[in-house]
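Two forms of the same protein chain are encoded below as structure tokens; each is given separately, as structure 1 and structure 2.
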Structure 1
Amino acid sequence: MITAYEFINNKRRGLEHTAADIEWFVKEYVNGAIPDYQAAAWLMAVCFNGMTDCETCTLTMAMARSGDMFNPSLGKFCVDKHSTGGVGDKVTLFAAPVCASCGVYVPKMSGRGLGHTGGTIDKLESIPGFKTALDYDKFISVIKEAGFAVAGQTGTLVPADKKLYALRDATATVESIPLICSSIMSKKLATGADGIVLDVKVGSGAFMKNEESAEELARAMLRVAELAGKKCTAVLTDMDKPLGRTVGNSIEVVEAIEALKGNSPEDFRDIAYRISAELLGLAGYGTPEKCFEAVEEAVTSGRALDAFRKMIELQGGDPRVCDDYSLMGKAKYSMEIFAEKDGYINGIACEETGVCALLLGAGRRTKEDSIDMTAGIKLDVTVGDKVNKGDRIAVLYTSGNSDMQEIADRFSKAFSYCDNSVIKRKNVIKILRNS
């Protein structure tokens, strides 16, 4: 029998916890016997002293088992994807219907926006009538009919992560590899997919700022997946600039629909097609090249868009949005941003873009805030583009009371310029597989 004090002290001194102690900690924290201040002290000790692979796996499994273990017995191989969080990341809205249209089920439980990063659930709720609170039976029936469903995480799924994540967010203990790994993988294991693709973001807009730390996180998550008997692939992708040309909610849904119609900017195409192909690969679709061709075919044939329409309809939304974007509403106000000098766009500060979108109303400043679905940022340019002073480079949108001029001044500074052409970063940086 250990006390919370001894548990914290062991990690502070850099000792390795036993499996029994970790399981005890998770159980007692979730049932309220260990207070937040003791859990916070332990989290900080983990940030400084880390955890072994064995500790990380035990923590992940204990967290996964802290609530319902979802087991969609759908009779088919199911895949799931998870992004470590980014700006303008609408990949799920593309990849899930593509897989569904290729006959691979995607039971997707997604989150809301977090800090400067957006959330799939918020984006989808910009579609009139769309419901993300689905009970189990409805979730399963939508998957069976449309091939995929996207629901908000229920309160009974991984309550340990719910509590620990909120505490980490408030105590500067988010950026720790074993803690991020256990947070993400506990949710993936509890939702019961057979194969998982992890989109590990790298760059200034991501939790992992460089390739080394992103690869370390990816390898930790692959090890946990392997021990849990899940096929898993980690794709390291660039998050040094916003993904695609839009950041917001309805504006991102429109960009995703356009991508399903075959129109996407290069960075989004590279990443979304590769992740979709990796998901198909886990489901036994064949070589990476064959999977990639299947993704292209799902788009050009219109089948992926049909799957998206079907899912919208089954989840209570208006599928006509796929053809008439005005049904998602229009922002009351807009403001154009112009290039401040001649030259090449050298960078678009990613986190700053996310924060400006949030200030326009696209995200929450506090947990209780509601979202302005029409708010966001449309980029006319990307890194490497040549511009002349005075060219329009972006448009800001809001329907709220935000001080647009102040946000515009701030956002203008997110762009950096240089005189010579820019060597672009790779969109897909590396792929790591455990199978």
Structure 2
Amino acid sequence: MITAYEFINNKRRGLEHTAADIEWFVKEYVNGAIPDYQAAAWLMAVCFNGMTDCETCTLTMAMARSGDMFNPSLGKFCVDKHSTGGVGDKVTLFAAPVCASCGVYVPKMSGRGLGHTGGTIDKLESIPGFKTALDYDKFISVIKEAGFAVAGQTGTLVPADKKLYALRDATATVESIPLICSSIMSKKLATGADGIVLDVKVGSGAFMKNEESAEELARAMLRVAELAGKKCTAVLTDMDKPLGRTVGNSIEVVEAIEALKGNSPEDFRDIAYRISAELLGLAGYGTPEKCFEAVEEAVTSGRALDAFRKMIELQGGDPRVCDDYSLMGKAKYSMEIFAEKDGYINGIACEETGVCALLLGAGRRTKEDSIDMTAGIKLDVTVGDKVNKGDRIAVLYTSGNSDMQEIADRFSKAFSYCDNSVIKRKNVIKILRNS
């Protein structure tokens, strides 16, 4: 039997762990037999020496099995998506009802936002009465009736990741591709989806700041999915600017509903339609072209919006919000932001936008913080737009006691200008598949 000391020392020396040793480590750490200081030493060794594909896959599966393994048993192919996190990312609110309206089940367990990135669960809870805490039977019944359900992750799902992620955050060991990969994929494998689409964000507002590191992470996750017998696609998408025109909670729900009605800004349309089409493709819907056509038809026919209404109703929410946005409440205070000069918008600092939304009350700094569902930022412009000095470029919203002027002054600096037209980055950068 290996000891924790030997386990750490093996990785420190750059040796490859056996599957049995990794499984032992995860089990003993979750049970409390291995203390945090030894686990932290191992995490640091992984950061320096990495892990092989087999090690990463074994770690992922051991983490997934550390708690409840969710098995929907819905009788048909189920798909799921995961975003690596960004600003203004409400793609799930579009993609899930689109797929459901095309006859593909989407059992979706989502997280809350923390820091400058938003969470799908927080957004949906801005709908009056909407419940994200569902027991297993309710979760399944919603999926069978609406085609999809969105619920919060249970406390017994992947406890190894909860412990290891908190430790990584405290010991500066977050930035390791094998550890990021196992954290993400353990949750996806534990929730039982047959096919997974990974929306890997790239840019200043994302965890992966450049295309090279994003592709490295994407390929690692694809390899783990393949070894676990899952169909998987990774879509690298732009997060060098906020996605769409809203950052917040209720205002992002409104933008998602508008997209389901066929009204969406170009960047959101490109990414949301492509993610949806890739999900349908994994479910065997046909060629990429046919899947994209199916997404467009689901929107134009109104079926996708109907699926969203149905899901809201079944999860206790008021489906009238799809037609009357005022039911989600209105911010008490607002402040307009104006262009400081003539020219073209050369950039909108993405992470800074998320931080300003957080300061307005739309996000949380700790998991215990409460959220102002009406707070957020609406953008009137995006990168590449031409403006004149004094044009309105954004509006800030809050119902709390935030210092609006201070935040406005800070957010104004998130915009950069240039004299010549701007070459825009591609919204969908690259698509990688494991099958």
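Basically, rigid core = biggest C-alpha set you can superpose within 1.5 Å across the two forms. Since the structure is predicted, the reported quantities are computational estimates derived from the model, not experimental observations. All residue numbers here follow the sequence of structure 1, with the first residue given the number 1.
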Tell me which of the two structures is the form predicted together with uracil, please.
1
After superposing the rigid core, is the C-alpha displacement of S204 2 Å or more between structure 1 and structure 2?
no
Taking the rigid core as the frame, does R12 move its C-alpha by 2 Å or more between structure 1 and structure 2?
yes
Core-aligned C-alpha movement of S186 between structure 1 and structure 2, 2 Å or more
no
Would you look up how far the C-alpha of T173 moves between structure 1 and structure 2 when the rigid core is overlaid, in angstrom?
2.4
